[in-house]
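A single chain comes next, written as structure tokens; it is the form predicted on its own.
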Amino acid sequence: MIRVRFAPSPTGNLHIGGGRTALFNWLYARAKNGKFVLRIEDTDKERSKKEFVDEILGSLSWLGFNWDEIYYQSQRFDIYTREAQRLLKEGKAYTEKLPDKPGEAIIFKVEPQKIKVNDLIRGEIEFDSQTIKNQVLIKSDGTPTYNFACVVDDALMDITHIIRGDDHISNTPKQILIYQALGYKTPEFAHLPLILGAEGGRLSKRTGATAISEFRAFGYLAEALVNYLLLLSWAPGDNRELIDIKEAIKIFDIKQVNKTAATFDINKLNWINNQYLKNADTEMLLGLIIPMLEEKKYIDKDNFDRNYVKTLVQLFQARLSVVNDFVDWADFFFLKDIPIDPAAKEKHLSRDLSKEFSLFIQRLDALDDFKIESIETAFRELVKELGIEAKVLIHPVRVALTGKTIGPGLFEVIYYLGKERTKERLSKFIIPNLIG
């Protein structure tokens, strides 16, 4: 049976690179009817934090990467000590007292040899062990080193395929030597290419090295982020960029992963998220948005019109790049005094529009049937009578009502704002209310 593992260190949050590694491991396991093992590598007692463990587990669960087994290295020190002692007894390791360190370290003897690895992504890679110094297995304080604990765990957990970032390629020959010394079967290796920032360098906070939990907080949908992670070094074929994870499971093969570096593109992620938001269940989105509105105090959680908010969500849904956009874009529906973008005010409200706004208010007042269609008809009749293009009045009215230059259709905005709020906001720009 195929058994893969994802082995994060809880010294920080789960980021994009780790998320993709977790995805490709989980996906390969599901594609091959195998097992996905989660191993928390928390041997560094000082840097490993429970809050990071919680964040990693929470992010994996949110992404949908359910694990079949979970282990914590901090609970397995006796196993590492036992296996290191075995190498000592067999003369494959020795102890050494290091200066200014308590206790003795156990150090593995590296024997000269050529090491060949048939990487499932990169093909054959050859190493010369003469370039590798003797390896510490157990530090003088009794804690295992990364490479040793990794080998022991992968072997005893029956891991068949190690899928990880190519920053671990240099660890591979060291680990193979330990596999051989312990008499363990060496697993298959597949090293994923780096993810680069848009400017070509390594990912940074500015170029996408953001925690998965932060992407969640920003308003990305889990299925959209997973879809995007899939495209970082793998493609479903036929130039498709949108693929359901269930379909991906049917066609994914680790050998098809591209060995060249992937580039993180926030614009592509936003586009994919928008595609998912367009087709998302509005009730689901409402469940995400209502807490945001409550936090902003735009609504009273115990007293608001849920159907009205749902209608507004539907109004914006096709335009959203992230869920959080709604809170920023639709604020004018919830605020009594709206902020007006200074540049928009200067461009569209700097001249006296008293006549046009007054006439439009009169037209709205005259409407018995206050509907989107009748609002539009009244507006277009007015601009025709005034002998002006519609855009000459559309932009000033939009800015006066919303404080912004872009948004949903103007007549939908007027309808959902309601007649009274529309009149009140337009009246602020009718002399004697001087335009500031």
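Residue numbers here begin at 1 and follow the sequence given. Note that this is a predicted model, so its numbers are computed, not measured.
The form predicted in complex with ligand GLU exists for this protein as well; it is not shown, and the discussion that follows is about that form.
Proximity to ligand GLU in the predicted bound form, taken as heavy atoms within 4.5 Å, picks out 161 to 169 from the listed stretches 161 to 169, 93 to 101, 221 to 229, 346 to 354. Residue in contact with ligand GLU in the predicted bound form (any heavy atom within 4.5 Å), chosen from 340, 277, 150, 211: 150. Interface residue among 146, 271, 71, 332 relative to ligand GLU in the predicted bound form, by the heavy atom within 4.5 Å criterion: 146.
In the predicted bound form, ligand GLU sits within 4.5 Å of a heavy atom of residue 41. Although the partner is absent from this view, residue 9 contacts ligand GLU in the predicted bound form, with a non-hydrogen atom inside 4.5 angstroms.
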